[in-house]
Structure formats: C-alpha cells, structure tokens
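The chain that follows stands alone, in the form predicted on its own, written as structure tokens.
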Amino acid sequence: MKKTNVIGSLFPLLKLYPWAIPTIIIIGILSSFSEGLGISLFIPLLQSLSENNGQLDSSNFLIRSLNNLFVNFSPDSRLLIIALSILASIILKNGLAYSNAVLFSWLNCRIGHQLRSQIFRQLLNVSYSFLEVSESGKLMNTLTNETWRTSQALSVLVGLTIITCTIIVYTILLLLISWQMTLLVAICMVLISFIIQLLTRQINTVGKQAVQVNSNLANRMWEGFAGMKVIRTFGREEYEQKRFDEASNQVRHIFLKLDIFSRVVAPLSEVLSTILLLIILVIALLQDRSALPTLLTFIFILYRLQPQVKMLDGARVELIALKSAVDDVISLLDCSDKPYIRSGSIPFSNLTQRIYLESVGFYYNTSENPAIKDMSLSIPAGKTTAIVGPSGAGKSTLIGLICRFYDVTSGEIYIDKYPLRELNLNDWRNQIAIVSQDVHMFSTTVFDNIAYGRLEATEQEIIAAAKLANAHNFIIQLPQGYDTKVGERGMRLSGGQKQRIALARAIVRNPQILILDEATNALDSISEHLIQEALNTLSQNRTVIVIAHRLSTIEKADQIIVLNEGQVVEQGNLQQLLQLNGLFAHLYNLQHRNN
C-alpha cells in the first residue's frame, strides 16, 4: 500500500458521512464566534465603568461597532444589558458546543462500528491463504485495539479541525483589536510550536513501536488461551508467564514513553504562553495605560486562545502517535494486495457426473516446492472416494482446492462440465459438509452448534440429526440438554461428543458432497464405532470423499486414490491396490502388522 499521511488515510472514513463533518465544523465555528463575541463585549462593559464612557479607542472599527450596539441605552441600563448579552453569548456557545459533542460522539461510534465490521468482513472474504500466513494475534489486535485507536485518531482530527476554526475566529478578533500586537503574538506562538515539535519529533517512531508491542502481547494472550492444555501438560507455566511478562513489560515501557512525549506538550506550552502574555501586558501598559479595557480584552481573548493553541499542538502530536494504528487498519482493509476467492456467476444445484481435476498444480508459496503437482483424477458422483497417503502427500490441500479455500495455481478443476471457479461460490459450498478430526465448537449451546449446518432447521430436524449421529442420548443427559453451553471451543465436551455433534451438524445440512477428513482418527473404539455407524447411514446416495490414516475404515470405498509428494501414484479399489504391491500395500500391511 502506498504511504500517505494520517489525514490522507482518514479521509475515506470521513466520506462515509459527508454531511456530518461540515455540520460539525459549522457548529464549531458558530460556537467559537459566540464565545469570541461574548469576550469582545467586555470592552464596552469595562469602558462603561470608566469616566470616558466608551470614547476610548473610538477609531478602532471593532470597538466602535461594539459601542454602537449599546449607544441608545441609558448609562444606568447599559451595564446590565451588556452583562446579559455576555451571558447569552456564553449560554449559546455552550449549547452549540454540547450539540457538537453529541453529534461527534454519534459519528465516532458509527465509524468505529463500521471499521470493526469492515475488518471482520475482510477477514471473512479474504483468501484462506492470507489468514494462514498472518499472525492471529496481530489480526485480533487490529480488530480490537487498532480500530479503537483509529476511531480515536478520527476524533483527534475532527477536534483539530474545530480547534483550527476556533483559532481563526480568535485571531480575527485579535487583529481587529490590534494587528501589531497580534502579529507579535503570532510570531511568538509559531516559535513555541516549533520548540514543541523539536521535543516531540520521535513520537511517530514510538507510535509504530506501540502497534508492534500491542500485537506481540495479543499473540501471547492468544497462544496462552489456545495452548493452555499443552502448557500445563509440559509444565511450562513459569516459562509462559515469563514470556507474557516480557511482552506486557514492553507494552508498559513503550506506552509510558508515548505518554511522556505526549504529555510534555501541555505544561511546556502553558509556561511559554504565560511568559508571552506577561511580556505583552507589561509592554502595553508601559506605553499607554488609558487603553486598559482594550488591553484587558485582548489579553482575555489571548488567554482563551492559548489553550486552543496548546490543544492544537497536543492534537498534532497525538495524531502522529496514532498514525501507525491508522496505517495498520487501512492496510488490512486494503484490497489491492490480498488474495481473494472470487465467486463465479454460474448457479449450481446438483452434482450429476463427477469432480474432475485436470493437470492441477498448486503452490502455497512460490519460493517453496508445490503442494500439488500436475494432478489429474476423477471423483464420481454418488460414490465413495478415499484419499490416502503419508503425511505431507497433499491430501488436505486437495480438499482445500475442492472446497475452494484456495484457487489452483495451474490446471483446472471441473464440476460436471463447468470449471469450479466459474460456479457461484455460495451455491457450491452450500452443497458441501466437512467432518474433520479437528472439530470446532462455537461458544454457544449444543442446539446452536448443530443448527450451524443449516440455520433455518427446525427443532425436530435438529433432534433427528442428533439421533442419526448417535448424539441424542448423551445430549439429553447434559445439564440443560440441547440448551447446554459447550464452553470455549467445546471444552466441556469429550472428543467423541464433539465429533458426534459435528456429524449432526453435517447431517442437518443434508449435503450432496460429504467430506470426512480423518474424522475418526483420534477417537476411542466405542466412539469410533458409533460415528462409523452414523457415517455409513449418512454416506448413502451421496458423493463422499474420505481422508483416512486408518486404512481399515476405507475398505468399502468405491475407489481409493493414493497420493505421495503432491502426485497421484496409485488408484483403484482395495483389492486392486493390494495386488499392485506398491505404496498403498506397504501402508496397509504396516498398519495390519502393528494391529
């Protein structure tokens, strides 16, 4: 992604609600103008207390205009009218400021929600190969922390715009009172801002480090939760605690450094600005004490301007600190540098002939050896095809290509007479169900986990699927039956129970194509028998693709395809392959010998 400044990165987000930003800016200007008017009215107010009664500085356009507003009022009522006008200006200013704050809070919450939603949609739509090479902790950190910081950057940017408008309004008032003193103040404030920039120029580098250490900590948390059983099994609690503490300490160190740089702006700006105000006050009074009302109003406006300038410097520094978070979010949302699986336009409803691979090749990474090399094979509709071979032979890759988790690097996969990539992707995947060894359970109820196969399934269909999967009996014995929450990744269930729920999920989907990816490999003999019995029922009149390490489970397959190093090396039924006395026969005899 090409590099842009933080404002350029945030601009597309602002365009989501094109009416909101101008409205916020206009209200902000009106609020600043109301406050400026209220402060300016102190000139006629203070002059009303003097003996000259408003004749001071009559040559000044602003002072003359303000005095003319109240020239028709009697001296006794003039003071009260001016005081009430000041009060009305301040009430109007605060009413506008509150309305602006509410409007911006609404906008900020909406954009924050849209950012999170767009990133999650991006993760759902991007090719699975991108997710495999990306760190889960970093993606989670971007989705949770960096979207929030980007929303914060947007808040700072809008605030910066309003502050700038406020400074412009105050500067115009100062120029109308005395352009000479205003020019002197402007030069001094530019010098103050330059000094602060010199002291905080490292903030961008520290901001990048903040994103990195946040990602590292998210990785440690993610791996700690996901690998808790392994950690405890190997007694690595202290080791993991040490790694977590190191990552957490890095976050502490970098964010402390970030705060030190950010927080130096306020006190430094205030001290330097106060010195400036005192110098101007002393010089002006030494020259002309009769202009005290005008001078006091000038100082008052300048005093109100000073925190705005301080906020301007602080917002600029904060925006630089948040730039890395914005870049991280915008980079993840960028579609130009990521692989996608694009849906075809041909509708699909029924597999009638076969799935055919013609000279298919596939690389996970072009710098590595191909996972699939010049593979051609046919999987007939309505039959059971077994895929076997040693680890790394390309079995899971083949399933990933058929499901279109990835697109082939070369060659073509045909579904009946159509190339797979030309079929509507949702139509194709709606006809597939996978039961694998690594079953994922969502942190919800048993009922919802089964219904995930077909969201519109009725309660009767869910129960019928559970019965077919030999899962109903153990489900009704759970504390809340089908409404029992299974816990994080199904931690409250045994491996066999999770497997049967996954099978029920596949049954309720009623797929044309059933893929069994080592579905019974890690189960005990009782669980395996129950699931195998359910699979036999489910496999009838369907296209079944079985990946199995236990070769005894595929003896009834219509055809067996043997893979090795990404290529088809043997193909046939059980007896034919045993007679070849090749790789399959070797694997088969080895397993039977061990049994």
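Since we're looking at a predicted model, the values are computed, not measured. Heads up: residue numbers just count along the shown sequence, starting at 1.
The next section is about a form of this same protein that is not shown, the form predicted in complex with a small molecule.
**Q** Please pick out the stretch from 110-118, 421-429, 395-403, 215-223 that is in contact with the small molecule in the predicted bound form, where contact means heavy atoms within 4.5 Å.
**A** Looking at the other structure, the answer is 395-403.
**Q** Report the residue, out of Glu237, Glu246, Asp337, Glu132, that has at least one non-hydrogen atom within 4.5 angstroms of the small molecule in the predicted bound form.
**A** Partner contact (heavy atom, 4.5 Å) among the options: Glu132.
**Q** Quick one: of Gln437, Ser331, Asn510, Gln122, which gets a non-hydrogen atom within 4.5 angstroms of the small molecule in the predicted bound form?
**A** Selected residue: Gln437.
**Q** Determine whether any heavy atom of Leu154 comes within 4.5 Å of a heavy atom of the small molecule in the predicted bound form, and answer yes or no.
**A** Answer no; every heavy atom of Leu154 is more than 4.5 Å from the small molecule in the predicted bound form.
**Q** Is Tyr364 close to the small molecule in the predicted bound form, meaning a heavy atom pair under 4.5 Å apart or at it?
**A** Yes, Tyr364 lies within 4.5 Å of the small molecule in the predicted bound form.
**Q** Is Gly227 one of the residues lying within 4.5 Å of the small molecule in the predicted bound form, judged by heavy atom distances?
**A** Flag for Gly227 set to no.
**Q** For Glu368, is any heavy atom within 4.5 Å of the small molecule in the predicted bound form, or not?
**A** Taking the distances in the predicted bound form, the answer for Glu368 is yes, it comes within 4.5 Å of the small molecule.
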